[in-house]
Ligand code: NAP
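Next up: a single chain in structure tokens, the form predicted alone.
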């Protein structure tokens, strides 16, 4: 299975591409904005493709998805940008990639969302954070309304701690932290596990091996 990683140059994305390239079943195609970002992925043996999530349209992203079997959306505007970038990347960017998947005939789609994207979460979030939660909320709604074979993953607070290989995953779990490296492992487990299709779950650090946790959701 060839996987287009959108947001490949981000922290989770880099872990994901690296881990994919170590598997026998998967291979990565890294979507990047700048050619100078390519060497990291080429050193891993991964294919790269240039596309700008913010500026390009769904047709251009569909071309980037040519030849892949699955798309993973790991992109994010980041905590230091304003609401404008949040809308353009976390909402419009996400929706464009969903539409691109449909145009490219790619059925499998994995969305990395926010921990809680419910209406209640939007209303209770601090004013500086609520636009991000709202963007993620509507991107999730858009994806649920398609006939794509989707999985929506809601990770807890992301850290750069070393991976533990163990998580807690369920429709609802207590808030907690999770290393970005473990999030990448969860994505790979979801891609391998057909039972994760049509499901969404929260995931934080825990005591069960990643694959076992994903199988149980």
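Positions refer to the first chain, counted from 1. All values reported here derive from a predicted model rather than from experimental measurement.
Below, we turn to the form predicted together with the ligand, even though it does not appear here.
- Contact between residue 74 and the ligand in the model of the complex is found at the 4.5 Å heavy atom cutoff.
- Using a 4.5 angstroms threshold between heavy atoms, residue 66 stays clear of the ligand in the model of the complex.
- Using a 4.5 angstroms threshold between heavy atoms, residue 10 counts as touching the ligand in the model of the complex.
- Residue contact check for residue 89: one or more of its heavy atoms lie within 4.5 Å of the ligand in the model of the complex.
- With the partner left out here, the ligand still marks one of 163 to 171, 22 to 30, 144 to 152, 44 to 52 in the model of the complex; by a 4.5 Å heavy atom cut-off that stretch is 44 to 52.
- Annotated contacts: 70, 107 and 197 are all free of the ligand in the model of the complex [non-hydrogen atom within 4.5 angstroms].
- Of the residues given (139, 133, 101, 112), 112 alone sits with a heavy atom within 4.5 Å of the ligand in the model of the complex.
- Shown without its partner, the chain has 158, 180 in segment 158 to 190 as residues with a non-hydrogen atom within 4.5 angstroms of the ligand in the model of the complex.
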